[in-house]
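Given next, in structure tokens, is a single chain: the form predicted on its own.
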């Protein structure tokens, strides 16, 4: 048996579950660390509404998808060797906040010795968001990262700054230090100032959007683009139907993005900013604090 963090009503709780067995083409990993994402809390709370729909459609029970660990057992037809350190984005299956996690062998990426477990666990989903939004940002571009002090925001800021962009980071005042360390040249407390009034911007990554397409367009420079990665369901729908550079960020997650993220850590472009690292026994309360917006930087759960 194993310990696992499961969805219970509109919250989470630790429970004892059977250790999963890998099928053909699958790998079982003894988890050492798992990064927390907004999607974990959205599934738990059912807010925004798409979180409830995704939870039902995907039949998520044990949450956690930024998984790091050691290969423990492999199914038939798998080349990975037990004992190999690996990392994966298990977004389609989840299961990372547990002692053991099983997913397809193709999802797991061997982890370089120089990258520690906590750093690796901060990458998969957050890195995919940052790379999709800002991988090709040109030098000199004016970039706004709204929600820049959480898990994905600092990686997005670091990536844009490394490309020579001029970055504005916006979040609560308690997260100013994280955005500054990430490389934002201007920091905005959203409770005191509207960052969208400080444009025009060539790129806007909105990690939790609430504004109308018309309001967003006024903040964009000619030819600029806005992409929303989260927010109320109605706001996402309006952005999906909008034109004029406004749209929803369509993130391609998986091993290719994880591999690219690892290379950016190895070459010094990225250094994930960890807000808190807590054991699995403290994960429920840590997730609640993250969900309330009380945590600057990435939350990583240590397992085992």
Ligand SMILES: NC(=O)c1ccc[n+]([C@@H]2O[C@H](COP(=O)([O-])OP(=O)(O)OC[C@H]3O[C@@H](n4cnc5c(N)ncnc54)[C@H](OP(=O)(O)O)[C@@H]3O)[C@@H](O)[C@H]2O)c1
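Positions refer to the first chain, counted from 1. Just so it is clear, the model here is predicted, and its values are computed rather than measured.
Beyond what is shown, the protein has a form predicted in complex with this ligand; the following relates to that form.
- Only one of 158, 90, 146, 119 comes within 4.5 Å of this ligand in the predicted complex through a heavy atom, and that residue is 146.
- The single contact residue among 210, 185, 84, 233, judged by any heavy atom lying within 4.5 Å of this ligand in the predicted complex, is 210.
- Residues placing heavy atoms within 4.5 Å of this ligand in the predicted complex fall in a single listed stretch, namely 123-131, out of 123-131, 74-82, 110-118, 97-105.
- Within this chain, residue 172 lines the site of this ligand in the predicted complex, having a heavy atom no more than 4.5 Å away.
- In the predicted complex, residue 150 approaches this ligand with a heavy atom inside 4.5 Å.
- Taking the partner from the other structure, this ligand in the predicted complex has a heavy atom within 4.5 Å of a heavy atom of residue 39.
- Contact annotation for residue 25: none of its heavy atoms lies within 4.5 Å of this ligand in the predicted complex.
- Contacts between stretch 4-28 and this ligand, counted in the predicted complex as any heavy atom lying within 4.5 Å, involve no residue at all.
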